[in-house]
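Encoded as structure tokens, the following chain is the form predicted on its own, with no partner shown.
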Amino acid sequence: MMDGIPVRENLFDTIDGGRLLANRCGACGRIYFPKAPFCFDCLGKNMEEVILSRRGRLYAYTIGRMASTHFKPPYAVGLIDLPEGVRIFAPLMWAEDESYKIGMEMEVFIDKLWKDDDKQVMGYKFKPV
């Protein structure tokens, strides 16, 4: 169950702690996250929904030390490579010791991102396994 509004519709669900929803081109098999209206490679229009793997590997990350629109410093963001061949940019669960390692296994979860007026905005994050 989610206690807020999603940052974007049809991006994720909350089953089993959170799953990312993508789509795959029925003609060439390329997978898109977020979902694409058609395939940018072959221009195929037959797109089918795919549930992405919950775990992937940390490709790169950075620690934000200046405030951004929605995040107070320090915060971490990273790129996660999933087995489906998709690389996802996402906030990372903050760890005081900043113990992220390139190549480490990460897992997606649904969490609060920020508060907008009186509404809590929910989205996906990754945490070390």
Partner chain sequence: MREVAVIGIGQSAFGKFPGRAAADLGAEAVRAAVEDCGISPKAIQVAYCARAYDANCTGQGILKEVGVRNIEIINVENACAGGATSFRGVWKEIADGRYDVGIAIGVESMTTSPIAGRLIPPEKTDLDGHLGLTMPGMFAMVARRQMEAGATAEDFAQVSVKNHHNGCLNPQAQYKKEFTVEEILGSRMICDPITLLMCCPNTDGAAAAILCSMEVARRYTTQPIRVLASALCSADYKYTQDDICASPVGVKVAKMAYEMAGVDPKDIDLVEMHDAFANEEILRYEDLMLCKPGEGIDLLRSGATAIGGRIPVNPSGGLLALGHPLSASGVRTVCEVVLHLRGQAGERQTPKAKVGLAQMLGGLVTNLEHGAVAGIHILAR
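Numbering follows the first chain given and starts at 1. Worth saying up front: this structure is predicted, and the values here are computed from it rather than measured.
There is another form of the same protein, the form predicted together with its partner chain; it is not shown, and what comes next is about it.
The shortest heavy atom separation between Leu11 and its partner chain in the model of the complex is within 4.5 Å. Among residues of the shown chain, Cys25 is not one whose heavy atoms approach its partner chain to within 4.5 Å in the model of the complex. In the model of the complex, its partner chain stays beyond 4.5 Å of every heavy atom belonging to Lys72.
Though the partner is left out of this view, Glu84 does not reach within 4.5 Å of its partner chain in the model of the complex, counting heavy atoms only.
Site residues Gly29, Val50 and Ser53 are none of them in contact with its partner chain in the model of the complex, judged by any heavy atom within 4.5 Å. In the model of the complex, Leu113, Trp114, Tyr124 are the residues of 110-129 with at least one heavy atom within 4.5 Å of its partner chain, listed from first to last.
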